[in-house]
Ligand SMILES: Nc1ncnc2c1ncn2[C@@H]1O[C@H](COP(=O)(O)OP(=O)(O)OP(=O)(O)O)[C@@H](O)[C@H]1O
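One chain comes next, on its own, written as C-alpha cells: the form predicted alone.
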Amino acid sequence: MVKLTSISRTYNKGTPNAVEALKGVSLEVNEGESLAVMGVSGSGKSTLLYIIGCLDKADEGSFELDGEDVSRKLSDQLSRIRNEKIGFVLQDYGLIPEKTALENIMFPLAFSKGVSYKEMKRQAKKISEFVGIAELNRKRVSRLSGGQQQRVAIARAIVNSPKLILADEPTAALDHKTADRIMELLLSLVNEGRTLIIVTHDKRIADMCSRTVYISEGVITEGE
C-alpha cells in the first residue's frame, strides 16, 4: 500500500533555521496491515504521516501509494488521491463544532463528483451506525464528549471508503477505556481489509497494532 524510498524533508531549507525532519527514510507498509509509528516530539513522526497522506511533499526520494508513484503529482492530483484513497483521524479531531455530527461526517462527500445530497446523507447515516453513534447525528459536535467526537472523526475519515487510514495520536486525550474502544474500532477496519498507520506516544496503543517502527531525529531506527 505504501512504499517510501530514501525520503528526505527539510523545512526552511537554505536558512539558518533549517530543520531536517526526515533523513533518507525508507518504509513499506502492506495492504491490510496496522502499523504504529513511535518517537518523541520532533522526531519526524508527523512529517512522515503528512507525506504519506499527500499533505506534504518530500524534497528527495520516491513515494508509491497503492502502486501509484505520487512523488511528483500536482496539488489537484494529490487532492483527488486524498479524497479517494485516504482517511485522516486527527488528534484534535478537526471537526466543525457548530455543525451536527452527521453534517461533519458528510463533509468529505461534498468533494465527490456526482453524489447527490440525499446519497451523501444516506452514506453518512450508514457510517454513523457502523461506528455506533447514530443517536448523536443531530447533536452539535461542540456538545459531544471527547470519545464521541473521536468517533465522529473516524466516521468522517471512512465515509469515502478509503483504502488507507492515517491516525495522528487519535487516543492521546482519551482515558484508557475510551482509547481501547477507539482502537477496537480502528482495528475492525483493518480486519475489513483497510490499512492503518497510527502515530502514537503510547506503547500500549502501539502494541495493539501488528507492527511498530520507531523514528528518532528523522531516521527510522528500529522496527518490530
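Residues carry their position along the shown sequence, with the first being 1. Note that the coordinates shown come from a computational prediction; the quantities given were computed from them, not determined experimentally.
Keep in mind that the form predicted in complex with the named molecule is missing from the display, and what follows is about it.
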Considering the named molecule in the predicted complex, which of Leu55, Val190, Val40, Ala173 comes within 4.5 Å of it through any heavy atom?
-> Val40
Answer key, the named molecule contact in the predicted complex at 4.5 Å (heavy atoms) among Val25, Val213, Met208, Ala21: the residue is Ala21
With the partner removed from view, which of 44-52, 177-185, 190-198, 26-34 is the stretch that lies within 4.5 Å of the named molecule in the predicted complex, judged by heavy atom distances?
-> 44-52
Contact test in the predicted complex: Gln77 vs the named molecule, heavy atoms, 4.5 Å | no
Answer with yes or no whether Asn12 is in contact with the named molecule in the predicted complex, where contact means some heavy atom within 4.5 Å.
-> yes
Any chance Gln91 has a heavy atom within 4.5 Å of the named molecule in the predicted complex?
-> yes
